[in-house]
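We've got the same protein chain twice here, in two forms, each standing alone as structure tokens: structure 1 and structure 2.
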Structure 1
């Protein structure tokens, strides 16, 4: 089967006036991004009818096909893309440029077609920060932060915490080599704060006087049968749990948190926040977060 068949079977060239937007991932079935963006585009179109021609899709792209997909999508008329697991780091060599924050994070989740190439941005960190403050009424720098994972989502989470001045930050990942690579990459990008690499939760540098924020940045939870990435019983003191996974809304990790009566939230608020910022980049307009939030809740209840 030709590598491009995954794409050509789904899309032909878009109509001349249509602006294509999409989220790319593998898997992608769980994504509700189209509902969010199309709801916000409908609000934009009420004042500026040309936004009726903007359409947002979701496309499953296997990692080995990503380098073929990006130029093909541009040829077909796509001008804005979101990236989800597993493309946020692997895409970097395929970009013509990146903004400064994305470069510091070492991962991108938003692409904008500019001057004949894809420019990368990262809106995940902003979405995470805003959501944590909204649901827990605290900024990330008020916590001891334990990030689970060392991929693209973890890069954005760790970098955002460092941007905001978090002084007690640890990474827990099954592969210590990947965790070390992430820590080293962020230090090379100018972050000077100490990052602890945790081999087991018994080694987590816990300060009893400061609450712990656990951020799940792994893909564990996307499938209902997935195990929790950690056992929350290993953590002491005041614990808050934020799972970047939003669909399904109740992962094993969040079920644990609920049983232990730990404040907890899934990644739906982060999804809305990062999506709004992405659409702002593409449209250069103020975007209705309310419309996106309503669409997200509706999609999750369907």
Structure 2
């Protein structure tokens, strides 16, 4: 086992009574999840002091070590985990049960210790949906949706839109094969709505009467010099742009949207939304989105 990538030594003894929460990923150094969760836990602790014992960590876990890490973390007193790249799909066979929505998405980002095993949930879709509603004041159902990408984040976005009843949904991805796999997997999981797979934007079937929501779920934009995944000029009617990338906060796609005066937002609100839902699952309490948002903005400016 590559010891340096399974940094549990620091947790060989959690302080007595501590309820451990953590995000696992590889790499994990840049995650701001601890700031978000610990800010919301502080608010919970003001009303219920038992939450003073809850603490959220980040732990680098190499994919080869994930199956050893999960039982070990439970033994050490961890009760809630978030998973990020590259663990969201690989973890599935290691779970004792799975929430219906996560099963349909085929990926999980949240684990809760229930009845002696880790149960998997996916809160990325709800995080996206809450954020879209907050920034654009409309639900995803009100849009013709164009999802860019076909990886794990796109899968959560497409499934969430279908759950919420979107009737015009299209996927545009660099690899058509992967887009096809995503659409087939969702059909196998019981979704009956039609999903269009578009080879080029000129084939995106949309009308000028209903607004279009473009969701960037590709990793294009994570590097400052990345080009935009599409040229927004190809779209007609009212266009809204949601980029899941939040660091850097202004991607080329968002700059294009800004030039065209299209309503737009980066993915920081989605990060907050998925985190809030995870903490709701673990704590069974209402969570302060405000505290999490302030902590997220603060962490981004540090």
Ligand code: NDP
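Source: prediction; values computed, not measured. Residue numbers count along the first chain shown, from 1.
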1 or 2: which is the form predicted together with this ligand?
2
Could you point out which of 220, 271, 257, 107 sits at the hinge of the rigid-part rotation between structure 1 and structure 2?
271
Rounded to the whole degree, the smaller rigid unit turns between structure 1 and structure 2 by 16
